[in-house]
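Just one chain follows, in the form predicted alone, and it is written as structure tokens.
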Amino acid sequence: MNFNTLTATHISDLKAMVSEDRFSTGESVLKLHAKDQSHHRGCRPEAVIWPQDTAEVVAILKYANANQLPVVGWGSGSSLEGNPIPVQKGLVLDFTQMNRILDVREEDFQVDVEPGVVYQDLNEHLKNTGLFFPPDPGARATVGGMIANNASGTRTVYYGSTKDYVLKLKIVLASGEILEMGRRVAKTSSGYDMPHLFVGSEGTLGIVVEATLRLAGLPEEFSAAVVTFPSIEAASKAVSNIVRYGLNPAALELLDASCIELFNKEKALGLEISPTLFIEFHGPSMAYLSEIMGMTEEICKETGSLAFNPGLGREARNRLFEARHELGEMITRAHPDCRIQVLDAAVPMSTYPEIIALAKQAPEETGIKGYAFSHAGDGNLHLCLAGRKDEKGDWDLIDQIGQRLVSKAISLGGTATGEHGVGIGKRKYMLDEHGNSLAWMKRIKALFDPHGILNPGKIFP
């Protein structure tokens, strides 16, 4: 695709579509929108615009499409695969001012929101209703970004990912046409499942301007435990058995000894430095949870656990999961002279011990510092690798580790990305994972965005 750069005329026309304070070509603003939280090289857009309603998004996209200007949607920039980096420059649509909670229907367990709503703020708004929006990626992600990436997180093993909570979408296509898709019902057998075509599309098919989300009831009771193991292989076996026996943990997080060492250093948690499971269950009563926790302890003992510490109170539980959510930042602080690459893959549960073993083995063989942690209950592995910023040799080794890990995941029937999306870094694996269906994805892209202006350079190799 051949795109145009923004001319003085383009800038003048776009500025006229919004109030003066909602359009910028300032260097500091462009720099803030050049890069997400990934290791991928940034690229400054030529302008940033903050729409406040659907009509403005329609006008902007119509103009950009007619003038062949690339457009990228922007939530909070918390992505980890370069998903919103404007690699073709052009225009960034920053949705932080389209952040209204439009309607809460408590009896239907539903909420209507704009794309710029931050999911933690949504749950804060809902806390007195007894309802919440379960997907929990950790960072202050916006709902629009979560829909674009099909975000998940620590609670996915029990509650599911973002796609499981999207009932209805309002989309603006590249042409400016508005599409409304989905219904406000728990299920439907009417026609194609259009909303889920857009969930996970990373803003390449259309721009979300409104979403109806399903909500869940806040759990009556919870119980949490910390379990240590002599090896990451033993911990991964326990994970497989917990899932196999249908105990349905609300969170099942596996962290290697390096992660635990960081937790102790930064949060003074006093944990045994050994591969560790954080486990949480939700249920209707403490009696029910006590029975489930007892079964879990037996499973962990059978796989060689060193210690099983149940009955964590809410404060201790919150400290653990706060540390878990801040782990990426801790790793960055621990290696000030390095860049950090986060590898993300997922496999069927039966093969989870194989992929976690490789995640431990590959960095050790190369001398690269690695931190393995995982939403273990759904087979989703993360491996953080620290490479010196100016050492090409380090990054060649990191690329080799990434290739081994993702290729292994795909060969096991898994995926190149369990939750971070394709973005820039996973494009090269798309053909291996999807085969000839990738060509049909390209046809769908061409149908909805024939000029290719929406988030160009993403998903497709």
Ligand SMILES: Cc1cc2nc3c(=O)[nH]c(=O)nc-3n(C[C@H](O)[C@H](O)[C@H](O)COP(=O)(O)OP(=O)(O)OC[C@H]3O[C@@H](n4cnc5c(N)ncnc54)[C@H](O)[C@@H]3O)c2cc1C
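All values derive from a computational prediction rather than experimental measurement. For every residue, the number given is its place in the sequence shown, counted from 1.
The next section is about a form of this same protein that is not shown, the form predicted in complex with the ligand.
Not one of Pro134, Arg214 and Phe281 comes within 4.5 Å of the ligand in the predicted complex, counting any heavy atom. Residues with any non-hydrogen atom within 4.5 angstroms of the ligand in the predicted complex fall in just one of 267-275, 68-76, 254-262, 180-188: 68-76. In the predicted complex, Phe95 approaches the ligand with a heavy atom inside 4.5 Å. With a 4.5 Å cutoff on heavy atoms, Ala139 counts as touching the ligand in the predicted complex. In the predicted complex, Val157 stays away from the ligand, with no heavy atom inside 4.5 Å.
Put simply, Gly206 is close to the ligand in the predicted complex: some heavy atom of it is within 4.5 Å. The partner is absent here; in the predicted complex, the one residue of Pro249, Gly387, Gly153, Pro363 having a heavy atom within 4.5 Å of the ligand is Gly153.
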